[in-house]
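Shown below, as structure tokens, is a lone chain in the form predicted alone; questions about how it binds or moves come after it.
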Amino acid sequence: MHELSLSSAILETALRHAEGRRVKSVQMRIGTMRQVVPDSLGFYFDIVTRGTLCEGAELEHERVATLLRCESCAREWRPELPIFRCPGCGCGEVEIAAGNEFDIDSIVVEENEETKCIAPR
């Protein structure tokens, strides 16, 4: 259900950066560690955008696979199971190097019958 609040945040960000222009699409990067269900996110995005300049906009996403990095030996790996131990040295102190993303990469807006891609800052 947290996809509803995430969709609302995406809408607010898109509208702020669109500066009054109709939004055609929003491209995102979503990490697998985020526990976001993309179909649910799209469903709620369609609901929260009704009656706004984002209504009908496509919510596109790229899934980012989890990548862990050992803080001891710097080895990186993609875990197959939720085990957070370095397969090289056995250290349990790891950082998430990738897979925790929830970023808007770009927003495509209409501009005088053409489209323009903008990147939020």
Partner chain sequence: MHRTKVKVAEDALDANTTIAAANRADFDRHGVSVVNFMSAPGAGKTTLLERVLGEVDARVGVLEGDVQGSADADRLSALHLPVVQLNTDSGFGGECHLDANMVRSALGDLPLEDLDLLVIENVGNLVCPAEFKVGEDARVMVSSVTEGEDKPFKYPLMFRACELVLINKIDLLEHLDFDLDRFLYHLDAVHPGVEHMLLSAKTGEGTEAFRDWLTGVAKTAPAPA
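Quantities reported herein were computed from a predicted structural model and do not represent experimental measurements. Residue numbers count along the first chain shown, from 1.
Keep in mind the form predicted in complex with its partner chain is missing from the figure; the text below concerns it.
Among Gly88, Gly56, Gly92, Gly42, the residue placing a heavy atom within 4.5 Å of its partner chain in the predicted bound form is Gly92.
Among residues of the shown chain, Gly51 is not one whose heavy atoms approach its partner chain to within 4.5 Å in the predicted bound form. Within this chain, Val108 lines the site of its partner chain in the predicted bound form, having a heavy atom no more than 4.5 Å away.
Of the heavy atoms in Ala9, some are within 4.5 Å of its partner chain in the predicted bound form. Contact annotation: Ala98 falls outside 4.5 Å of its partner chain in the predicted bound form, judged by heavy atom distances. In the predicted bound form, its partner chain lies within 4.5 angstroms of at least one heavy atom of each of the following residues of 67-86: Pro82, Ile83, Phe84, Arg85, in sequence order.
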